Structures are given as structure tokens and as C-alpha cells.
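Single chain ahead, by itself, as C-alpha cells, in the form predicted on its own.
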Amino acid sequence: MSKYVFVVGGVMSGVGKGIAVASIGRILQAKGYSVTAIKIDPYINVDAGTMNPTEHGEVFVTEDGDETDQDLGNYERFLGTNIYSINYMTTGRVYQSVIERERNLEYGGKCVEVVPHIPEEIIDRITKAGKKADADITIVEVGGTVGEYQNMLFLEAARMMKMNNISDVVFVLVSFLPIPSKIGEMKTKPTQYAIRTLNSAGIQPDFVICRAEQPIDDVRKKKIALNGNMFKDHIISAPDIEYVYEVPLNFEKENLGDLILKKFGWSEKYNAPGLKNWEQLVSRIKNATEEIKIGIVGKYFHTGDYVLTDSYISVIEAVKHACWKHGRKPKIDWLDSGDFEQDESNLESLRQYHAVIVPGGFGSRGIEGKINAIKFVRENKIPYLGLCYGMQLATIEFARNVLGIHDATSTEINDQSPNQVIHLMADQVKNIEESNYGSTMRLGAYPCVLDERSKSYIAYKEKNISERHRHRYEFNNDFRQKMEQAGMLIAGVSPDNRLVEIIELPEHPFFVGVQFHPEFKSRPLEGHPLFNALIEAGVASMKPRLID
């Protein structure tokens, strides 16, 4: 029988529930148990695919083609395993399933009600995900914070599971403890209120993870335990740290893994793998002192006065993984493509970077600046990796400035141009005509065959690979022969040779564009082959940097 750990948030969002879930999972794996993780998002959207990244951060794509919350990426990176669509649910998805079942007479003529039928559907999804993964322990993250109206039904489902199998369910509250600058003291009262709010939903937390700028002291642990009706050693300190990959080790210092297992009546298994490889990772991260500069060129997503770097969290982590593998400390700069449109002299600033990335994206804003940046790094032999849109724009830049097709473009940018070197995929035409945008792109893992002459083949060390996609547009094969004759290598194609998946410039130290999103499959312990190859090329270049 699978055990369940529910992780809920208190006081405010964004304090690290996803990392807490991933870290708890990593610890329990280290103690010999199979683990899977589920994310529950309370919004009505059926999935994350139609949301602007400023609303919810990156859209993470699973192996089986689901557009999900970025936390599933955290789960995959920490657990070292693929997480599938069954592990993701939203309010919209749950209601959609219940309504479809009602329409199909699957409730046998009953009056279908919010309670109990919605919580029952939630419970059914949770248990099925655990069974599919054959997990000893299923960790469930409930998005948002306790007390929010939209979380009530998910908490009700969790309460019902606890009521039915009290020894099989554990609750963890991740809460924020502020230290007001004018007071200079860590305050526990907001967390006390969060515990009482969770109590009002019929749930007593077993553990509180205390997020704060500093470690929580013994006095405040006792205060939370007393007022929260808990054991003091179940109050877990979780101070701010520089690297999220330290979190499992910090939790282990607080004995969290063994305490959770004790609640289940279990203990660490004989010959459990432990956290040695994770300790080595953290040591490698901390000992990387020589800096390598990576420029990421994009149209970044501003929320008021702030930039939401979560829009590209998988790219950021993939860069870090590769840098650490090469013993380098990553220095990542966000470069607004608009700066390269308004004043092309700004392109000279790109010389300071050891590698440049243009990530995925949509729309026409900032495109000319990206193309200008790609031209500069191509001509100046700066290692380059284009991801999805970054591959398409590299193709457009090559067509314009090498082939001399000055009006070369993409259908997405200008559907009236006679030279659409990137065009709409044939099976996407009907979706666009009918404004059918929800989960209709080319999504999930698809096979790719590599050219053995390519740098990509050298990086992967195998001919047949599989990578995850999220796009509607593709390389236009009408221009394929011209581009090959001009020096472009079609380095990767679909097995039927119809879709161009990877382009390269063999004469360049490293100039690779991929139609897929390799960042989704990067793992901290080994990195991703393409990002590893990019950083290797960057290390080899190590050009003198410009003086600030």
C-alpha cells in the first residue's frame, strides 16, 4: 500500500513548496523507497499551456506531452525520473472529468454534487498516479496557500484520505516566518495562524517546514510546537540558501526523512543508496570558483518592476548543471533583445560571453533583436545554442545573411512573405483556423536521428535520441537544399526524414539550433549532452572579457 505525504503552503506563495516536495522525495529515495510526486493547481485552466508565463512561470512539458506547472520540472530534476501527465491535475481538469462522466451516465443516475464527487475524483487521481509509478510513497503538492477558497476541495480530499487510512497519510505545512527589518526578530504568529487555518479544514499538520532568511532557533520551534499542537522536533528549519540542491541535505540534518518514515511505521531500508552522490554534487557546486559567462537573449517577462526568471527555469537549471559538470561557476546574464534592435552597437557587449543562448518563445516582439544577436555570434565564433524558436530564428538569420534572402521570415512573424523558411506544420493548419490552442501543439517526446558527422552526435554519443517538443512551426523543406549547399548541416531529422530537428554550422566552434527543448531532460547529477557540449565549447574559447 502506498503512503502519502501532502505538502501545503502557509502565509504566502512562492516560499518553496515545490522544492520541499522534490527534496523530501530525494531523501526518501535515498532511504530505499520508490517515490513519485503530484502537483495540484487550483486554477480552472485545464492545463498550464494557455497561460502567459508572467502568470505562472514556465510551462513544463512532460514526456507524454502534457503542459504542466514548472514544479514538475523540479520533481524530475531531484528524483531523476520522468513525471507523467497523470501526476498533474487542476480544478479545471478535475471538473472536466466529473462532467464528462456525468454526461456518459457513469454515475448511474445519481445527483452529482461538488461533495463528495469532486473530492472522490481527486482521490482517484492521486491513487492512480501512485499505482502507475509503483511508488511506495506518493508526495502531493497542493498549490497556493491554506485558507484560499479554491483549495478547499483538494484539502477536503486529503482529509478524507487521512480519515480512511490515518497511518498512511502525513501532512507537511511549508510556512514563511518573516523578520521585519525594523523589529529584527523572527515572528511565528503568521505560521501559527496558518496552522489554525489548516485545522479549520479538519487537518492537523504533522510537520512544519519553516522558511525564513535565517535558521529558526529552539525558542521559536518550541513556540510553534506549543501553539500548533505538535512535537518540537517536527518543526523543521529551512533557511535561505544559495543553491536549491542543498535543501535535501539541510532537511536531512533536521532528520526529516526518518521522522516521516517513523510516522508511517517504517525505517530506512538495508543497503539504501543514501545521499552520497547528492553530497558530491553540492561539493562540486560549491567548489566551482572559475566563472563562465552565459548570455541568454530573449524578451523577458516583466511583472511590474520585477523580471520573472521562472519563465525560463529549466533553461537556467540546465545551464547550471552543465557548468558544474565542467567545474565552472555560471554567471548568467539576461539580455533584452530589444536592446539589439534599438542600437546595434550594443551587440559588441556579446563579446564578453563564453556562450549565448536564445531560448523558446512566441510572437514577433523582439525578434529582430534576436536575429541581430544570432548574426553577431555566428560571425564572431561565439558558441551558440538555439532552443525551439532560437533554432527557427537561426535558420531565418542564415537565410537572410548567408543565402541573401533578405525577406526570409517565419509564418508566425509574417504570413504574407513569399520566403517563409519557417512555416506552419501541416497538421496545425486546422487548429489555427479554428482557434484551437489548448494542448494542440506538437507536444511531448519524439524520436530524432542524428548525422554522425555532427557535433550533436558527438555530444549524445548515439545516433537515435528522443527529446520533448512544444511548437506549431517547423523548418520549411523547400529551402533545405539551398541551406545545405551554403554550408548548413541538417544534423538531426525525424525518422521519416520529413522534419528537421537540428541544424548546425560545421565551420563554427559550436553553433547548434534544436527544434526541441533539451532543457526539460537535464538532470543535476549529469547534465544534458547538448548543454554540456555548449559549455565545453565556451570553456575552450575563454575569451578575455570586456571591462565593465
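The first residue of the sequence shown is number 1, and the count goes up from there. This is a predicted model, so every value here is computed, not measured.
From this point on, the text means the form predicted in complex with glutamine (GLN), which you will not see here.
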Examine residue 198 and determine whether its closest non-hydrogen atom to glutamine (GLN) in the predicted complex is within 4.5 angstroms. no
In the predicted complex, does residue 473 come within 4.5 Å of glutamine (GLN), counting heavy atoms only? yes
Would you classify residue 362 as touching glutamine (GLN) in the predicted complex, given a 4.5 Å non-hydrogen atom cut-off? yes
Looking in the predicted complex, any heavy atom of residue 389 within 4.5 Å of glutamine (GLN)? yes
Name the stretch: of 78 to 86, 464 to 472, 256 to 264, 157 to 165, exactly one has residues whose heavy atoms fall within 4.5 Å of glutamine (GLN) in the predicted complex. 464 to 472
Find the only residue in 412, 317, 121, 252 having a heavy atom within 4.5 Å of glutamine (GLN) in the predicted complex. 412
Residues within stretch 500 to 534 having a non-hydrogen atom within 4.5 Å of glutamine (GLN) in the predicted complex: 517
